Structure formats: structure tokens, C-alpha cells
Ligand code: 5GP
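Before any questions on how it binds or moves, here is one chain, the form predicted on its own, in C-alpha cells.
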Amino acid sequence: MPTDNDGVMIVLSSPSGAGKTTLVRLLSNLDNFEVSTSHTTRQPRPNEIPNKDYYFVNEKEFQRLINNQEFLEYAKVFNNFYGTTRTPVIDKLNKGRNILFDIDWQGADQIKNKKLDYKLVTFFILPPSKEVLFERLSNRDMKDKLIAEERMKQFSHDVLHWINYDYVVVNENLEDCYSKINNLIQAEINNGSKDYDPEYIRKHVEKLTS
């Protein structure tokens, strides 16, 4: 049975290229925080370490995990599957560890709908502008304009899900964005006061979608 000493689940989602993975890595350096390692069917990127950044598996193995109902959440994103297995997450939460999830809106919805007896705080990360996002996507290791353009098309759809998150944070400056998220997490854990301006976010989303 969950208790007051349990860890907290913290979800970070964003449109591709807005910086959630970097932010999750930074937050994982905090005391008692760790990242939930997802399974994926996509190929590793040059800088990724198997079994640390992701568990890289084929579609057959992923399907086996789905059939065995081992996923807390899973989704198909850009023709590849991503998913979080349930048991390691629950074990760590029961030991008081705070678990960070680097997942998209589909996975976030599934975790919410599971209604687990653990505190859940969700963040949606937005870029300062579409121009900056395209530049970031174009500068990734893949250096493939076609992939960047495909992700930009998806952005218009993904951004609409901001409304379903507890907090939305604009990643203009990485350090400031990290600091804001960290402060909000600590305020949630300790029932402190929260520095958050929903009206500013609403206006920013309007700018991104106009």
C-alpha cells in the first residue's frame, strides 16, 4: 500500500526538440530523483547508451511486453514504439525514490488514467518560438531537414495537449527553465507556494499556434 514516504512521479512531455530529455537528465542529478528508462523499437542515436538511455528492443519483444500487460504506458511515435514497464517504477516509488518520466502526451494520458496511489506532477515544455524549434531540430545529430520538417508538422498537433498538464514551462534558456521546473517540483512535494503564471502560458501558446 502506498504511504506518505513514497516517491513522486514527475512527467515531462514536449513537442519533439523542445528540450525535455535534457531537462530530465538535469533533474535526475537531484538527490533522490531518477529517470525511468523506457523501452523503444527505434535505433540508438550516436550518443545514446543501451540499457541506460533506453532499452532498445525489436518489435516482437515490444509486442510480447504489451501482450503480458507489463507497460505502465506505451505509445507509437514517429513509427517507433516507446513504453515504460510497470514493476521497476512501482518498486522505486515504494522505496521513496522520485521517478522522472521523459514521455509524450499519449504516455502521460495513460499514466494519469491509471490513477495510481502516488503523487503525480506533469510538465509540458514549449519552445520560445517555432523558428527556434526548427533550428534545434535541424542541428540534432541526424542533420536531416526532412526529419526536422516532419517533426514540425507534428508540432502543431502536439502543442494542443498543453492544456492537460499541471504546468507548462517555456524553454528559452535551459538553466532558467530547469530552475523553474525544480522550484515547482519542490513546491509540490513540500506544499509550498508556486510561482506560476497561467495567463502568460496561454498567450505564448496562442503565439505558437497562430
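Nothing here was measured: the structure is a model prediction, and the numbers come from that model. One-based numbering along the sequence shown.
Here the subject shifts to the form predicted in complex with ligand 5GP, a form of this protein not shown in this document.
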>> Among the candidate stretches 128-136, 87-95, 114-122, 71-79, which one is within 4.5 Å of ligand 5GP in the predicted bound form when only heavy atoms are counted?
In response: 71-79
> Of R64, R45, K52, K153, which residue is found within 4.5 angstroms of ligand 5GP in the predicted bound form when only non-hydrogen atoms are counted?
Replying inline: R45
>> Check S38 for me: does it contact ligand 5GP in the predicted bound form (non-hydrogen atoms, 4.5 angstroms)?
In response: yes
> Out of 92-118, which residues reach within 4.5 Å of ligand 5GP in the predicted bound form, heavy atoms considered?
Replying inline: D102, I103, D104, G107
